[in-house]
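Shown next are two forms of a single protein chain, provided one at a time as structure tokens under the names structure 1 and structure 2.
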Structure 1
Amino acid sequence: MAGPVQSIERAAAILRLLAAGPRRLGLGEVAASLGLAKGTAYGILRTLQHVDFVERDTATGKYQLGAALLHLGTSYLDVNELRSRSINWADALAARSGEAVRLGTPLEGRVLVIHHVFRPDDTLQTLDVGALLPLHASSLGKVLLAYGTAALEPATGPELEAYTRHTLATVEQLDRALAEVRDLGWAAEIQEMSMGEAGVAAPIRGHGGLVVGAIGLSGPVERICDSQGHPRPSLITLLREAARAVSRELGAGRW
């Protein structure tokens, strides 16, 4: 196993230094305090600034902790911005797959539907933006759980609420399924929330690869799955392309 990464240790030291004092510090002060070369300190400060952990006062050029650090526990990407940035790709996914598309982010132990594109058959459908889905019984929720974007309520016991006879009804079953999601890079939900319905979902990544949400498509089980009951590979391909396109849009690297 590799040892500690020096630049991360130094970054942590800079954050501690900025957090310790009540006032902003200049580049020279930061470098001198930590015994770093100015160029090294500058590179680290620039990177921390890029991820919003550090802010630089434009007038004085001095540094302080960034607002993002104060909100580390909450989502750093506004859900309305996520919808806005993904709308073209969600539309294209619905158009190509012929199925309804939804985007989800975590909210208080559930999945909040933040965007919904109708199935492109011009039938009567209702927007369900704002709806809440169970984490363990929806493909969107499984993605959020698998990549650590959401967690089950701390009070959850070993048993999970069963919506149908296919719902993963124990934490143990769910954990196995989540490991598989991480291996495959996508999640499925086959008649686990309601009978006759199926869905697949994939992670949306932001800066640094952090999963900020999930995008999925859903429909009748016979359309989402093949005759063996497995999600159709063609749909998975379209889904993952769309998820990658949104991630690129959000500034994730190569995913």
Structure 2
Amino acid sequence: MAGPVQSIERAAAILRLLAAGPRRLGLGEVAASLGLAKGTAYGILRTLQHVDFVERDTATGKYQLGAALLHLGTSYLDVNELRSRSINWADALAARSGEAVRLGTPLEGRVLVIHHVFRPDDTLQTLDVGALLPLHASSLGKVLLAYGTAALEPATGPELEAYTRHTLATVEQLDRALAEVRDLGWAAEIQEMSMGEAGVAAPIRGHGGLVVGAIGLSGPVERICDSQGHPRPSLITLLREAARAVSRELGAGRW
């Protein structure tokens, strides 16, 4: 019986490496991490790029997982499974944070809210399950965009729809924000979709570390943000803990 194919093993190792980190990696970083010659790593990366399993940032020359691979990674995961495995953690997050919790997945160039836990107080609230949110103006959407789980419509030009004066209204502004999301590991929206409202979100990962959804907190800006207009660190900590817990439920490793 024939043994394993070395080039495929190496390609799989590169994909796992890119999936495990929150940021893009350069050729030298990939080669050094896996003990490969740069020429070997470059050849494999070029092949993976050709089949859209890997994307190369033209500005930095660094690599990240491609849209085709991410689509394959999410196709196995039924939305109902994502929701069912998240419910307990979402309920606990709402209780601990005192804020509303939403779970989102991509659908036809938008974010579909598949689960919503009300803020645990007596205020009047509207159920958002089934709502479609804009990718570029919501924290849930920014997470999905940043990790390649969703993409803007192909016809999208340099100008994006502005919902408020705070909306990121150009693709250039959005690209900068998404790079920050990958660096931080979470996304924020501060009065970008609706004045007076804010939200933060973190990625949910499945097998192989692929991002399959996003979980977020939302509410009045004065509750989500501090006096300087920045998301409260305590909420970010609770949010990321919940995202990791759901990810473990879905088979993700440590990240």
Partner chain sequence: MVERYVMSIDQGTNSTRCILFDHRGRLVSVAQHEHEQHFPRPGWVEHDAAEIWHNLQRVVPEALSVAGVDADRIAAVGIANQRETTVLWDRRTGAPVTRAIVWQDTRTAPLVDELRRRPGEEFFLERCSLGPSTYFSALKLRWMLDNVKGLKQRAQDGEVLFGTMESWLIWNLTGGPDGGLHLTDPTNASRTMLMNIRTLTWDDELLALFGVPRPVLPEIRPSAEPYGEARAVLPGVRITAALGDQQAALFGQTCFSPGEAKCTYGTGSFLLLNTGTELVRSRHGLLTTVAYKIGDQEPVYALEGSIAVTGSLVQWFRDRLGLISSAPEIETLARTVEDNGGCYIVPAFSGLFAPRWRSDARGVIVGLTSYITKGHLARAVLEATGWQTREVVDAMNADSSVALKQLKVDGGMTADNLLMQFVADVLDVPVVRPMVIETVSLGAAYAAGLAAGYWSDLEVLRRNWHRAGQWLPAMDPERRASEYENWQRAVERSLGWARAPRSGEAD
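Since this is a predicted model, take the numbers as computed values, not measurements. Throughout, rigid core stands for the largest set of C-alpha atoms superposing within 1.5 Å between the two forms. Just so we're on the same page, residue numbers count up from 1 along structure 1's sequence.
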**Study point:** Correct structure when looking for the form predicted in complex with the partner chain
**Key:** 1
**Study point:** M195 C-alpha moves between the two structures by 2 Å or more, core aligned
**Key:** no
Exercise for review: Kindly check if the Cα atom of D122 is displaced 2 angstroms or more between the two structures relative to the superposed rigid core.
Suggested key: yes
Exercise for review: Examine A13 after superposing the rigid core and state whether its CA is displaced by 2 Å or more between the two structures.
Suggested key: yes
Point to revise | Backbone CA shift between the two structures, L48, after core fitting (angstrom) | key: 17.3
